[in-house]
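Heads up, the chain below is alone and in the form predicted on its own; it's given as structure tokens.
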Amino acid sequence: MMRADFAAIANWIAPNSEVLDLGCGDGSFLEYLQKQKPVHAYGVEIDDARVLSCVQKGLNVIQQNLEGGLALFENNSFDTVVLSQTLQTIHETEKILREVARVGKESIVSFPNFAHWSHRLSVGFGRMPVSKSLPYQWYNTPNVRVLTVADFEKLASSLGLQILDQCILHEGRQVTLMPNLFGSLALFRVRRA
């Protein structure tokens, strides 16, 4: 099943561009992207089984832990670096965002929006939220960070990242009215200012 953010991310990527997908998982997005338009795509993933899945799909993938940074890549090596629903799993958030901005001419970052009204309601009733965008229990989640649309905007500004575009989704539909409250998935296109 295709994730709701795949089409929105692909719309921001130009044909014939060099793309790096960080935390690419089983390669589903890269596979989707290559079917949509001609691109030169590469993935980075740490999990053995997911790397194998990428290789079986014929995708270019490097096995690496993102927590160590992106020293393998030179400045502006890629037209677009994608960090799709991975930011919340990274311990050193500022470090990876600086590295993403260094390696990519532009970057696309997506993450579950913890400020969605249903998440606020769960916390208000004393429970950690479980939803389509946050599908894990508190004790088995890969997420080490929770963030909101407003949090990301503030962090991007403090890191000298210019927000070029944003798309806030809920159940695959774009949210324009109070997106920090009604959007469950946030996507940002950024570059170094």
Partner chain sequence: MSELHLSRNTIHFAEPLPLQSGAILSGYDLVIETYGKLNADKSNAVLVCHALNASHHVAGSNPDDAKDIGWWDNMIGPGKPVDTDHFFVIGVNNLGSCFGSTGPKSINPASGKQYGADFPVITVEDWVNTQARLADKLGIRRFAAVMGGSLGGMQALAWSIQFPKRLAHCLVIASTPKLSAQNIAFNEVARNAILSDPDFHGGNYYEHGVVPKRGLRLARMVGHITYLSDDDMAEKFGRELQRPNGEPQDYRFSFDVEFEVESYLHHQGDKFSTYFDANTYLLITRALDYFDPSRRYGGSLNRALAEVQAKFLVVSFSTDWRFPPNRSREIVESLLSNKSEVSYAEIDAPHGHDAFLLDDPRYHNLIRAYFEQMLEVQS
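Positions refer to the first chain, counted from 1. These numbers come from a predicted model, not from an experiment.
As for the form predicted together with its partner chain, it is not shown, yet the points below apply to it.
- From the list 142 to 150, 127 to 135, 160 to 168, 65 to 73, the contact stretch for its partner chain in the model of the complex under a 4.5 Å heavy atom rule is 65 to 73.
- By the 4.5 Å heavy atom rule, the three marked residues 28, 92 and 96 all fail to count as contacting its partner chain in the model of the complex.
- Using a 4.5 angstroms limit between non-hydrogen atoms, residue 78 touches its partner chain in the model of the complex.
- Within this chain, residue 58 lines the site of its partner chain in the model of the complex, having a heavy atom no more than 4.5 Å away.
- Interface residue remark: residue 156 is not counted as part of the site for its partner chain in the model of the complex, having no heavy atom within 4.5 Å.
- Contact check for residue 37: no non-hydrogen atom falls within 4.5 Å of its partner chain in the model of the complex.
- Although its partner chain is not shown here, in the model of the complex the stretch 16 to 54 places heavy atoms of 18, 40, 42, 48, 51, 52 within 4.5 Å of it, in sequence order.
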